[in-house]
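What follows is one chain in structure tokens, specifically the form predicted alone.
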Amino acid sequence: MAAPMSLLVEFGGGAELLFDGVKKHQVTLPCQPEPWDIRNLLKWIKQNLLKERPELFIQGDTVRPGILVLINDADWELMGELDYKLQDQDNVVFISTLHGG
């Protein structure tokens, strides 16, 4: 069983508006049978942090196009995207690149 895990989850570029305007969230993920990955983290964020308009953040089981995801300051595309296995004390940042006009 995977131990509880502490992460810093950050939102920027306007994405924080979907989370009551809070940019930084220190979160503790509960124990679960399989290791935590980004796919599971997104479900957890949707259930526990997201306050409004989930369609602006989640599309299917991933983030919507236009949201940049960084894991410890590296593009998640280099880390395995949804399959990246989270480590204790990871820093996961979601930055919206979508801007109204």
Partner chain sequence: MCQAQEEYGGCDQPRRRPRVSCAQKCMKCKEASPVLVIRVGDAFCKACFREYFVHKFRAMLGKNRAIYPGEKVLLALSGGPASSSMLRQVQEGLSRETAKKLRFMPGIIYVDEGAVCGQSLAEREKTLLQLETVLQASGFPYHLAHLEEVFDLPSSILQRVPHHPAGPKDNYKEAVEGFIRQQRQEEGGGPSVPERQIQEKLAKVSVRDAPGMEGLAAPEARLLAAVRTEQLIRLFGSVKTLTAKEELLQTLRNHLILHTARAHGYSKVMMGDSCTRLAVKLLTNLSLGRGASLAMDTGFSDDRHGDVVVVRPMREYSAKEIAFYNHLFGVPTVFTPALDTKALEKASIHRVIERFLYGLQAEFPSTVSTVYRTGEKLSVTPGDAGPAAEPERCLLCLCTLDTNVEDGSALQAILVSERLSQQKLPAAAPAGRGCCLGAEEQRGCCMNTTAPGADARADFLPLLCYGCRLTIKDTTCLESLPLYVRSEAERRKRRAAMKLEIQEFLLEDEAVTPGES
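Small disclaimer: the values here were computed from a predicted structure and weren't measured. Residue numbers count along the first chain shown, from 1.
Keep in mind the form predicted together with its partner chain is missing from the figure; the text below concerns it.
Candidate site formed by Arg64, Asp90 and Thr97: every one of these residues places a non-hydrogen atom within 4.5 angstroms of its partner chain in the predicted bound form.
This chain appears without its partner; in the predicted bound form, the one residue of Leu70, Leu42, Leu50, Leu29 with a heavy atom within 4.5 Å of its partner chain is Leu70. Remark: Asp37 does not count among the residues lining its partner chain in the predicted bound form, judged by a heavy atom distance of 4.5 Å or less. In the predicted bound form, none of the heavy atoms of Val9 sits within 4.5 Å of a heavy atom of its partner chain. Although the partner is absent from this view, Val22 stays clear of its partner chain in the predicted bound form, with no non-hydrogen atom inside 4.5 angstroms.
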